[in-house]
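The chain that follows stands alone, in the form predicted on its own, written as structure tokens.
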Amino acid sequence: MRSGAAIATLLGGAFFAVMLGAAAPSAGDRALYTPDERAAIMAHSPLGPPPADPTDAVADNPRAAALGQKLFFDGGLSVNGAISCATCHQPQRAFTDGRALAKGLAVGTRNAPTLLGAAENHWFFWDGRADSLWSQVPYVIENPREFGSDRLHVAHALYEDPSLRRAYEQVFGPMPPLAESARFPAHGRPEDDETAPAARAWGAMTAVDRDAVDRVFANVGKAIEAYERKLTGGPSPFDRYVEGLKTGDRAKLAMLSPAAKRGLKLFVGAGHCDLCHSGPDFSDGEFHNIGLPVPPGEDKDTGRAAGIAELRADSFNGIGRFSDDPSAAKDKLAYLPSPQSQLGAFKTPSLRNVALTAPYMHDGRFKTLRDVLQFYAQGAAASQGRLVGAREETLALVPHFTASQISDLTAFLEQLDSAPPPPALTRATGP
């Protein structure tokens, strides 16, 4: 007996659909796209579960996620008790802060990206200096512009809070004896300036005790990753439309307006947008130099070039001693490109929920999606001025979009927003 797929090949898709009781795809929508465009559209949906992270053994542990959620909203990890992850990743703003440049203790140097779907990423931060969700947490906590804190303070914050300590030990086992203040000072971290008090306190500790605190610090990141992996939404209108293209469901085919359908065709076709914004996450997960001029008076940001050096030196990276499976990250870090080739390159952001996450680019220079598209519409003319590195030659394939095409592309991009995560994930809860 032949399979359904074989029958479809022999008899034609429309007849096969009728024979099985499914509606045939709309001839009108089918005719909108070339076979290559239809294949490209199908490659963008559906968005499946996030990939596993073998370097974090508790990445999908519910208890770890509950602890991570508490820590995400806890200002007590910061030096002043007022800054938390939610300061820059606000649930009501699609886990961004709506600012051009993130602001913790002070204004930072880059835009705060959304955490919705962040577990889909291969690299983290705009420059990719972290290779997992958990390993980016130490950077944030010890950044003087963000939390301004240190790893000993974080360890003590958990140890001295009975509920946090209990929740931590249920997931990771006993904490070190942090009540022994002679062994574990209240503050401390490794720093370049060995004369700084935090560096002196850290240096006075034994190597064994420093390692124990580092492990607590890494585990805090792993718990927060377990929570952040849950920050996903349901299908977007675009995903429903793709289902309609597959099944012929007219209600789903109506999810996109005519303008959005034209924008979709341009996105996967003549616009070449999915050369970088590919796959179900609408990102290749890599880094590109799109020729953004350095604003007058601002320092040059080398992007991925500096990020590679920081990634290799990071004791919390995927091949380090705190990784739960260094072998899983070995190839990922072994074949990094030369930093010089990555000057001025920044990570390709996902376009899912993009209409909710303005402003745009690594420095938040564009306020609207239309501003972004107008930048691309100008071609090389938009890259006049001081550049870091060289603008990618593949951008020459992007056409000079007309005003109507920009409107159509905007209409399409607005259909990539999904429903927010469940309300229970958008507020602090007890572990």
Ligand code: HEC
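Keep in mind that this is a model prediction, so the values were computed, not measured. Just count from 1 along the sequence shown to find any residue number.
Unshown form predicted in complex with the named molecule; subsequent notes refer to it.
Engineer: Please tell me whether any heavy atom belonging to Lys103 falls inside 4.5 Å of a heavy atom of the named molecule, as the geometry stands in the predicted complex.
Structural biologist: Yes, contact at 4.5 Å.
Engineer: So in the predicted complex, does Pro185 come within 4.5 Å of the named molecule, heavy atom to heavy atom?
Structural biologist: Taking the distances in the predicted complex, the answer for Pro185 is no, it never comes within 4.5 Å of the named molecule.
Engineer: At the 4.5 Å heavy atom threshold, is Thr402 in contact with the named molecule in the predicted complex?
Structural biologist: Output for Thr402 is no: heavy atoms all beyond 4.5 Å of the named molecule.
Engineer: Would you classify Thr302 as touching the named molecule in the predicted complex, given a 4.5 Å non-hydrogen atom cut-off?
Structural biologist: No - in the predicted complex, heavy atoms of Thr302 and the named molecule never come within 4.5 Å of each other.
Engineer: Could you work out which of Lys265, His153, Arg229, Lys347 is the residue within 4.5 angstroms of the named molecule in the predicted complex, going by heavy atoms?
Structural biologist: Looking at Lys265, His153, Arg229, Lys347 one by one, just Lys347 meets the 4.5 Å heavy-atom criterion.
Engineer: Among Val388, Ala57, Val398, Leu32, which has at least one heavy atom within 4.5 Å of the named molecule in the predicted complex?
Structural biologist: Selected residue: Val398.
Engineer: Please determine whether each residue of Arg165, Val216 and Ala428 possesses a non-hydrogen atom within 4.5 angstroms of the named molecule in the predicted complex.
Structural biologist: Zero of three within 4.5 Å in the predicted complex.
Engineer: Tell me the stretch among 233-241, 324-332, 353-361, 153-161 that has any heavy atom within 4.5 angstroms of the named molecule in the predicted complex.
Structural biologist: Single hit among the candidates: 353-361.
Engineer: At a 4.5 angstroms cut-off on non-hydrogen atoms, which residues of 146-174 are near the named molecule in the predicted complex? List them in order.
Structural biologist: The stretch touches the partner through Glu146, Phe147.
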